[in-house]
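First, one chain by itself in structure tokens, the form predicted on its own.
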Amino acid sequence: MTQQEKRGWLGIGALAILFVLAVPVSAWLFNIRYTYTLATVAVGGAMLGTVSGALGAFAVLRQQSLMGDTLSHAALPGVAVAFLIAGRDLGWLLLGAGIASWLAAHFVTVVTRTTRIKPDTAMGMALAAFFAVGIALLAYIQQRPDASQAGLDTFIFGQAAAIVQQDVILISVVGVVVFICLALFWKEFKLITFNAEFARANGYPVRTLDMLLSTLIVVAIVLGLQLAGVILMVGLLIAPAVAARQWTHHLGQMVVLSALLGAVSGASGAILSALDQGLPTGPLIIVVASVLVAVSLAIAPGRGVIWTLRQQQRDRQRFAALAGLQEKP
């Protein structure tokens, strides 16, 4: 392990310690009472942010950030169809969302491999088509006699207050399964992320690995529908990874840091929403994640804007000094 990698892991460890200490500090500083509801939402947000951040790192590195947006929007018609079939049972609604998102991912894969359409175009097609179908189905459901009991619009922007302890346990269990899959297929995921053609030439089942990774992302999106909704969930998937990318060049560190920043965003958004009764949890989670991205883009060493400007200034001064020496007889 190089000295740079050691410094990176030390920085991640220090951030994790600060995150743990932030809970009692926030309770004392802002006079926040950690009730059952707040604790449940905060823990659920942290767990979801951890899973989403880790998976989002692969999406960002594979230049598939739009895939998260596509899959989250594609979940809406699945929710609507599941409601028409089984009513407002949360398990069926999430299952419908997962099936619809997986079909959208499979649609993008098939289109890009059987036609000359580029991946971003295929994702845009899937996003628009699935989301339009979802909106149409929601409009139809609202005209039904039991429309007042539907409440499916909460899946668009999320409803964090509806999260209960069983949901947190579910997120935790699924999160453990996701991280086990990442550990088991770490080498394969790393290879298809950076050099899919080399992996294919060496006999790796690239298509199967692509669908497995897409399925894991679908699982994370479905878990976050109740907290952040189909529109904002992509922010929790992508923003922590974008922020983490500014601080490190190593995949392992980026995945861990992205997971940690996702946890910080999820928990902080929930805690900030407790400051006032009217503050929504889901949007605040994305606001915190966006602030982390902005800070990282500004001050990250080696890639941040401030570092780049200072480096350019040093280069200009060095160039001016060399030019002055050359002008002397």
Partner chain sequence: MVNHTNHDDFALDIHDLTVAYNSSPALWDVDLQVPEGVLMAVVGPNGAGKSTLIKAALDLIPRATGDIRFYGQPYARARHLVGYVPQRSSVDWDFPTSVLDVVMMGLYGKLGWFRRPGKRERELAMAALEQVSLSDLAHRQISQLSGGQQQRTFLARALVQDAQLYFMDEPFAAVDAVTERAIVTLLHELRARGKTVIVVHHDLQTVPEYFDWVALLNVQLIASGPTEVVYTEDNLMKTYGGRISTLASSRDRMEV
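This structure is a prediction, so every number in the text was calculated from the model and none was measured. Numbering follows the first chain given and starts at 1.
Note that the form predicted together with the partner chain isn't included here; everything after this is about it.
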Picking from 173, 139, 110, 183, the single residue whose non-hydrogen atoms come within 4.5 angstroms of the partner chain in the predicted complex is 183
Work out which of 144, 88, 106, 190 lies within 4.5 Å of the partner chain in the predicted complex, going by heavy atoms.
190
Name the stretch: of 193-201, 213-221, 78-86, 97-105, exactly one has residues whose heavy atoms fall within 4.5 Å of the partner chain in the predicted complex.
193-201
So, residue 168 and the partner chain: in the predicted complex, are they within 4.5 Å at any heavy atom pair?
no
Test of understanding: in the predicted complex, would residue 251 fall inside 4.5 Å of the partner chain by heavy atoms?
yes
Considering only heavy atoms, tell me if residue 63 and the partner chain come within 4.5 Å of each other in the predicted complex.
yes
Taking heavy atoms only, is residue 124 within 4.5 angstroms of the partner chain in the predicted complex?
no
Can you list, in sequence order, the residues from 266-286 that come within 4.5 Å of the partner chain in the predicted complex, counting heavy atoms only?
none
